[in-house]
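Read the single chain below, which is given as structure tokens and is the form predicted alone.
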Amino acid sequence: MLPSGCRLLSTVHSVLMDVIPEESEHQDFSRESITMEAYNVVPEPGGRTFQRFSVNTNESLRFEPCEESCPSPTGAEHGPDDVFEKGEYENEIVSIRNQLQGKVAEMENFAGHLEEIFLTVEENFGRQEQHLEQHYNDVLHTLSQRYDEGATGLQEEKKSKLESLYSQLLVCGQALDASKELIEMAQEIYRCQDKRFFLKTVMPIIKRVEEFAKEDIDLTLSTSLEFSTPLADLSDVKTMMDSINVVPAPSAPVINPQLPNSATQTSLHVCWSLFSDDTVEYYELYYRPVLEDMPADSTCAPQESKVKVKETHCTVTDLLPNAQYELWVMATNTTGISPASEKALYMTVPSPPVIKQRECSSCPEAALIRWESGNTNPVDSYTVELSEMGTVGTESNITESIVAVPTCQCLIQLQTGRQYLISVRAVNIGGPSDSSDAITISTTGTFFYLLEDTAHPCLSMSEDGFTIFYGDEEFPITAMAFEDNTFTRCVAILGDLIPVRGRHYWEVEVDNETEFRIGVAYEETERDSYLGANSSSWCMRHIRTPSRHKYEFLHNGWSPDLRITVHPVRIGVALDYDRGTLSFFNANLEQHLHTFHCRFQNDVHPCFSLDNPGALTVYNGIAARDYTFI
């Protein structure tokens, strides 16, 4: 008999073995607690006892301590917690359960695989059964045709023999009738008593008998009584019988149109199908780029490439971005190669756009983002993505997208006083491109760049694009390169278009020796006129005279009579579309200088002009001062 400690461990092991099948039968493995209910304590010889357990649920085992301790096999005294460690057995059961879960998952996968194989065998059997039935019907049809042909031949031969025998029978009947007639005539003459009549008629009768006797009567059969055995040509039947085990050459596959999001910048995922029950060993996918302006019959067509696959899909790699490719596929088996499928056109994903940061502008309510495609082939649309930056410069996890943008610019409504990271993706049938390099947009104030294409040839700009210079050198007019959009008379430049009609503020810094004009103007303002001298521009002008600084606030060539005693070094410009005002301030002194009142019919551009050599610096993207829009 085993020691009680060993029997106790054996009992626990048997309980665990009972738990395992129960857990394998229930795959949900609920988190209900498992308790071990104690049965009556069973006494063992020698006064030793142990406690039995039963399993109520399938989560974990919980052992209740025995009332009496069981001596260990070594004779040392151990409490029940030394024999049964709850955590140890729970971990063991969890490990076993995880193993069982893994085995169950493997068996489920294997069962699914077997099911797929079963369905495939069923489909293959159905196809082969249809194939054999078709061959059977074809053979029966061919044999029926051969039987009909043989029966028709026998009927024709029978008819020919009967006609020949009938003709011969007619000839024999005519000969018999003639001989019978001669015999009867001879008998009549023989019985005639008139000798003179006898002598007169006997000679013609004799001649007719002699002539009849000379005639050659063919008494042999004109045709054979045996029928010829036709040799049936069953070569095509034999060919059909031999072809039962021969796989026919496959028909042309059908290449599928390109699906959305089925490409990357350098790869295409292509799918095709067969509308027949052809057996195919492998496919050959051919592809080549489609070049623009290339004649269809050109001998300089791009070289085609080939990929060999066994599936009805393939991913083609090492391609050009935003390029159009022509693809076709052929199927091959042991019998031969199918015709080529019809050619399909696929597109790779475009290259990322390039944001033109110098052409982007913003204000507290919105931003105007411009970019260039960076792709030779046109794209379907663009997606603008923006995420708000936190106060410590971290990017938010929330990204908003503006989709289906048709052109290379987008006006985005934003919240005031925030910073955003903005990027752009190009989209075509193949999918979206990678994101462009992101730019940071702030909605603290109005931000814009100066438009270099409007600058007078005598103006130059700093590297950051916010300071303009008018040098001392004098160039003859013939040496200046004037473009259609450049100022030709006034040494001026425009700022980028402010995207939203609202409140906008920027500042300009100049020294007291520089003569300047600053303000706003319509985009179509006359390029051969001075700022403020026409009806499409409003400006503050500084004139340096030997005696004083003179300031004018010009529109359409007229200015009110104002005197400014303190020369403003930093000038604030406040534009309010809603109120129809354009105000100028001495930013250092917080002093109001002048306000134009005008309902601007169109959007205006900031404008800046230097009337003598000097420099002017624009400060934008700053918050409007408190007093500017009171």
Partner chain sequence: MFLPSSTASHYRPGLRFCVLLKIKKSSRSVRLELRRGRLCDVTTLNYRRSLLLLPRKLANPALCKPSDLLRSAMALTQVSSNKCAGGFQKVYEHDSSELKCKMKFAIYLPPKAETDKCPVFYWLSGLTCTEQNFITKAGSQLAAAEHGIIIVAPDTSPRGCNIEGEDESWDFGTGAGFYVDATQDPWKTNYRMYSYVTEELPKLINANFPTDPDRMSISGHSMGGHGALICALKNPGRYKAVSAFAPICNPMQCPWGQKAFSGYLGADRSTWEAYDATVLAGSYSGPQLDILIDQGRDDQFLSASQLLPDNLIAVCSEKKIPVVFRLQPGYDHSYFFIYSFMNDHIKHHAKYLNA
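Positions refer to the first chain, counted from 1. In this text, all values refer to a predicted model and were calculated from it rather than measured experimentally.
There is another form of the same protein, the form predicted in complex with its partner chain; it is not shown, and what comes next is about it.
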### Query
Would E590 count as a contact of its partner chain in the predicted complex, using a 4.5 angstroms cut-off between non-hydrogen atoms?
yes
### Task
Mark V569 yes when one of its heavy atoms lies within 4.5 Å of a heavy atom of its partner chain in the predicted complex, and no otherwise.
no
### Query
Does the 4.5 Å heavy atom contact test between R599 and its partner chain in the predicted complex come out positive?
no
#### Entry: Residues from 603-630 in contact with its partner chain (non-hydrogen atom within 4.5 Å) in the predicted complex
Y627, I630
